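A single chain comes next, written as structure tokens; it is the form predicted on its own.
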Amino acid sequence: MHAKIEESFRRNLPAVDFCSLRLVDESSEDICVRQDVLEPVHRSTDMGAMITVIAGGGLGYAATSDLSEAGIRSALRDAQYWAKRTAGKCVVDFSKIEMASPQGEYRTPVRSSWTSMSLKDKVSLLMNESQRLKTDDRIVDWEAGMSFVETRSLYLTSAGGRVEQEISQLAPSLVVTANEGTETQTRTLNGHGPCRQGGLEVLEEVGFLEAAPVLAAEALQLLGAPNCPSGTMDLLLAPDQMILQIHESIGHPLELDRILGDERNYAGTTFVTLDMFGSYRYGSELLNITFDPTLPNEFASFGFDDEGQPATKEYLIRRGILERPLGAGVSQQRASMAGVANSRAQSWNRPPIDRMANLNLEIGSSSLPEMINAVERGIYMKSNCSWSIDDSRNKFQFGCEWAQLIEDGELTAIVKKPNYRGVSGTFWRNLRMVGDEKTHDILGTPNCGKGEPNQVIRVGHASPACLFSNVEVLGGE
């Protein structure tokens, strides 16, 4: 089918400055066992193409699920029409943007394919993990699941560009809820964050097969735990909370289209301005943030973005200084500054916009015992369960599932309902220690939303554990 679509595209190319076709063929399977009962298995397939045309300085696009030659010809005609209508009316002259025409391919490395295990055996595996979550009569809800997505894409340009990519993504999940009287507590596997590219080998890589009894025990522990204390103290965050902190207070504020005002009506603006790049101290000298879609097993890796720009690792923040935004080709032209290859779309029926991909905090040199030992009075938090951040992505308040007090350099009592809040710049400038390789984890999120109309995409994050000073911690009610 790819060959026929390519022939139809090239045979019907209009006489314009630039034209591209982005074909997306995606299939998914979601399996969940809840309370030892198999829920309906959900399978979906989705396939279509987006045509983009640049003509006379204007840009137009049209999407179609009709992949016949007549359907592609119609989409080409519609995209050309809108390019002509927008000429001279856009915030940027698209004829001045050099669009990529790459040649290449990318495939997720997979050791054990999703189809190598039968549906029956996958259900049996999840049933076993579900049963291992039910360790006590006080456990009132529990489930084990897996969500697998395979995406094949083809990107073609009028200048001869051709890129094929095949991406496999697996997101396993475990959830256990315990109740006693009026108290209810839930523990999840990494706050729903163990998402990676790959096949069934991901289950072993994220510890899925060992986690159930540990999570059940922790949920039961939390029932009898005291509430988290309130006050200003040191805060040690595990990687499964660090990914949310990075996502909300670094990733979204650095999106260049947001800085230029594009998201203001929907998802808010940002406290970051163009004049901050190159000089603004975003965090302490220990803060090093990279955009890196080249990593083979992180959730949002790729060889080329959805406008054909090749993936490269770039520092956004180096030694605490803000260097580069999350901006793709069009935003780079508008802002007259370098960005990254992060033009990404939810699927074939959405145009690509500036999005996060793999956004990581680079590994430091401190071991977990060293960080704990450095704290006189503080708290260690794991697994995000709530988040709130203002419209400028600056003031925030986040909550975690599980916490443990740190007193005189030692972990002591487990506490429940831990929360903390702060202001992005101040918070990151209080970064005191960054964990080493042994504290590091590769995680992600499958549901980052942005754009009008809304686009939900998958994002990767990797981080070690990190220690912050002078953080306002809030106890539960």
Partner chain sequence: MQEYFDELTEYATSLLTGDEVLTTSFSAEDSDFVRFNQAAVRQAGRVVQKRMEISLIRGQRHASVGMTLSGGLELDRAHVRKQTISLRELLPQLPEDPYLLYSTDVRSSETHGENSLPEASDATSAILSSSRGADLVGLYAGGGIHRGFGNSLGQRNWFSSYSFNLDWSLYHRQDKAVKLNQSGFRWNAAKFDEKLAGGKEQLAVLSKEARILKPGRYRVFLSPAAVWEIMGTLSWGGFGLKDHRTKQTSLLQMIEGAARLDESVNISENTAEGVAPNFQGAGFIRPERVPLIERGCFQSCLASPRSAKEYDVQTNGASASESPQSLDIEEGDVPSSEVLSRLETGLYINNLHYLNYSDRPNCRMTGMTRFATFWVENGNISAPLNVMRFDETLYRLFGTNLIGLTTEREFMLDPTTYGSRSTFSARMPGALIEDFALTL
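Residue numbers count along the first chain shown, from 1. This structure is a prediction, so every number in the text was calculated from the model and none was measured.
Keep in mind that the form predicted together with its partner chain is not shown, yet the notes after this line are about it.
> Residue 183: heavy atom within 4.5 Å of its partner chain in the predicted complex?
Answer yes; at least one heavy atom of residue 183 falls within 4.5 Å of its partner chain in the predicted complex.
> In the predicted complex, does residue 59 have a heavy atom within 4.5 Å of its partner chain?
Taking the distances in the predicted complex, the answer for residue 59 is yes, it comes within 4.5 Å of its partner chain.
> So in the predicted complex, is its partner chain close enough to residue 440 to count as touching (4.5 Å, heavy atoms)?
No, no contact at 4.5 Å.
> With the partner left out of view, is residue 449 within 4.5 angstroms of its partner chain in the predicted complex by any non-hydrogen atom?
Yes, residue 449 is a contact residue.
> When its partner chain is placed as it is in the predicted complex, are 177, 392 and 453 each within 4.5 Å of it, taking any non-hydrogen atom of the residue?
Yes, all three are in contact.
> Counting any non-hydrogen atom inside 4.5 Å, which residue from 152, 382, 350, 132 sits next to its partner chain in the predicted complex?
Contact with its partner chain in the predicted complex is made by 350 alone.
> Counting non-hydrogen atoms within 4.5 angstroms of its partner chain in the predicted complex, say which of 268, 226, 296, 231 makes the cut.
Answer to the contact question: 268.
> Just one of 134-142, 106-114, 310-318, 373-381 has residues with a heavy atom within 4.5 Å of its partner chain in the predicted complex, so point it out.
It is the stretch 134-142.
> Within 65-97, which residues have a heavy atom closer than or equal to 4.5 Å from its partner chain in the predicted complex?
Counting only heavy atoms within 4.5 Å of its partner chain in the predicted complex, the contacting residues of 65-97 are 65, 66, 78, 81, 82, 85, 86, 89, 90, 91, 94.
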